[in-house]
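One chain comes next, on its own, written as structure tokens: the form predicted on its own.
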């Protein structure tokens, strides 16, 4: 797993989450900026899936539990589309807050996946 890519994912997810939280708490309904930030987080997660599939084949196996890693990754991949769907259905200010919380949860999951891949011993 590439560390700088994971840290970039965490940074993007935190910025997107804070942006959505601020907009939601300011009373703004979900707009293109909110959905675009979720889309960017999701694109980076798709890159994470590809990296997780390719890394063991090129000699970079995980050092922690594969089951825990993939549960985090699948959960993280499902969160942004679920939040975006909620935002498209509800169109209220709290949907924007939900998008922010989902992005921040993805940031925590990606950081945990990085720890599982590089630090933990099986």
Partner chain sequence: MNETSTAPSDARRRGRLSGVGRVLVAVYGVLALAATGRSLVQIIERFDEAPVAYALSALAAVVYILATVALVMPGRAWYRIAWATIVFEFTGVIVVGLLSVLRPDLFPHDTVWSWFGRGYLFIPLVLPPLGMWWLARHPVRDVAADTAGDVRRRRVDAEGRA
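A quick note: this is a predicted structure, and the numbers were derived from the prediction, not measured. Numbering follows the first chain given and starts at 1.
Omitted from view is the form predicted together with its partner chain, to which the following refers.
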| query | finding |
| --- | --- |
| Contact residue in the predicted bound form, from 71, 85, 54, 46 (heavy atom within 4.5 Å of its partner chain) | 71 |
| Of 105, 114, 19, 10, the one that lies within 4.5 Å of its partner chain in the predicted bound form (heavy atoms) | 105 |
| Heavy atom of each of 65, 79 and 90 within 4.5 Å of its partner chain in the predicted bound form | yes |
| Exercise: residue 60 in contact with its partner chain in the predicted bound form, heavy atom 4.5 Å | no |
| 4.5 Å heavy atom contact, residue 31 to its partner chain in the predicted bound form | no |
| Exercise: residue 15 in contact with its partner chain in the predicted bound form, heavy atom 4.5 Å | no |
| 4.5 angstroms heavy atom contact with its partner chain in the predicted bound form for residue 97 | yes |
